[in-house]
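The data below hold one chain only, encoded as structure tokens and taken in the form predicted alone.
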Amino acid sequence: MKHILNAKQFNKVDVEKILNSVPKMKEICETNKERPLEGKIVACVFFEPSTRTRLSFETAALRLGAQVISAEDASHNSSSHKGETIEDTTRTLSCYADIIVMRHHIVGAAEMAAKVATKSIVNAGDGANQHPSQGLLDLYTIQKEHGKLSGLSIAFVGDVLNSRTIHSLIPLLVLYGGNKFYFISPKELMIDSEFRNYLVDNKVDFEEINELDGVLPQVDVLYMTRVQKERFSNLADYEKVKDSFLLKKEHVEKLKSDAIIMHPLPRVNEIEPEIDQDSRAAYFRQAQNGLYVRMALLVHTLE
């Protein structure tokens, strides 16, 4: 049994195995000739809203021949609404499914579930903490677009404090070395001391800055993030920073011709819609890659 809880649990061999199997997953989608998870049941239980993660995991399971049981709004449509604990929900789901894909607003929820689970747990996002499948699909996207995973300059823009996608992608990129990271955010949303210490301890080359324009000509990947309203307890604090960094056409004109723009989605207003037509806008290709990577991850977890 394998649990997928944290991007830091992967070594380079694990990552390469998953990434190398992605073309096979794409082939399965296109030909529909193989069903490696025939007879398996995947439970997708989401205590937080999701479009891409939930539906891509469910589609991945179906494409692989598995069946799906699902709770879309588990905070209200499951016994959690009656006060049932994560542990008891997990024990019950372990009776029904071969793998449990879980998203929860509580940091550490996936680890709590894994401690009592008798089936595999996949963390589909726990608060502002981790989102390992997103990290892997982002890694694959960068590899596919640039043909490499080292020697890159990558700027993360927006809510770098609360972004579980950043917390999940960075440890995977650190496996490859030679990358330079820029964290661009208002001072209220800068990376926290724990993550900063992780970067320092791993001798990562990074800078924290509060303006966008100066770094644009240098980056190979511009990774935009949404300021996450749901992580703010005070609406006034959210309103103060929500429009801090909005990507406009004049910004894109400063990027390298082979740079790519990524975003985990959903976006609110941080990328002008006109930018979607630019070949460097990779965020919907990124979403498509998510299906294939999550197929690979389900197979990896259950093999």
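Residue positions are given as counts along the sequence shown, with the first one as 1. Only a predicted model underlies this, so the values are computations on that prediction, with no experimental measurement involved.
What follows is about the form predicted together with a small molecule, which we do not show.
Peer 1: Between 28, 246, 252, 265, only one gets a heavy atom within 4.5 angstroms of the small molecule in the model of the complex; which residue is that?
Peer 2: Exactly one residue meets the criterion: 265.
Peer 1: Among 196, 180, 144, 226, which has at least one heavy atom within 4.5 Å of the small molecule in the model of the complex?
Peer 2: Selected residue: 226.
Peer 1: Using a 4.5 angstroms cut-off on non-hydrogen atoms, would residue 104 count as touching the small molecule in the model of the complex?
Peer 2: Outside the cut-off, so no.
Peer 1: Can you tell me whether residue 164 touches the small molecule? I mean in the model of the complex, with a 4.5 angstroms heavy atom cut-off.
Peer 2: Residue 164: contacts the small molecule in the model of the complex.
Peer 1: Answer for residue 89 alone: is it within 4.5 Å of the small molecule in the model of the complex, judged on heavy atom distances?
Peer 2: Result no; residue 89 lies far from the small molecule in the model of the complex.
Peer 1: Are any of the heavy atoms in residue 134 no more than 4.5 Å from a heavy atom of the small molecule in the model of the complex?
Peer 2: Flag for residue 134 set to yes.
Peer 1: Work out which of the listed stretches, 61-69, 252-260, 34-42, 265-273, brings a heavy atom within 4.5 angstroms of the small molecule in the model of the complex.
Peer 2: It is 265-273 that comes within 4.5 Å of the partner.
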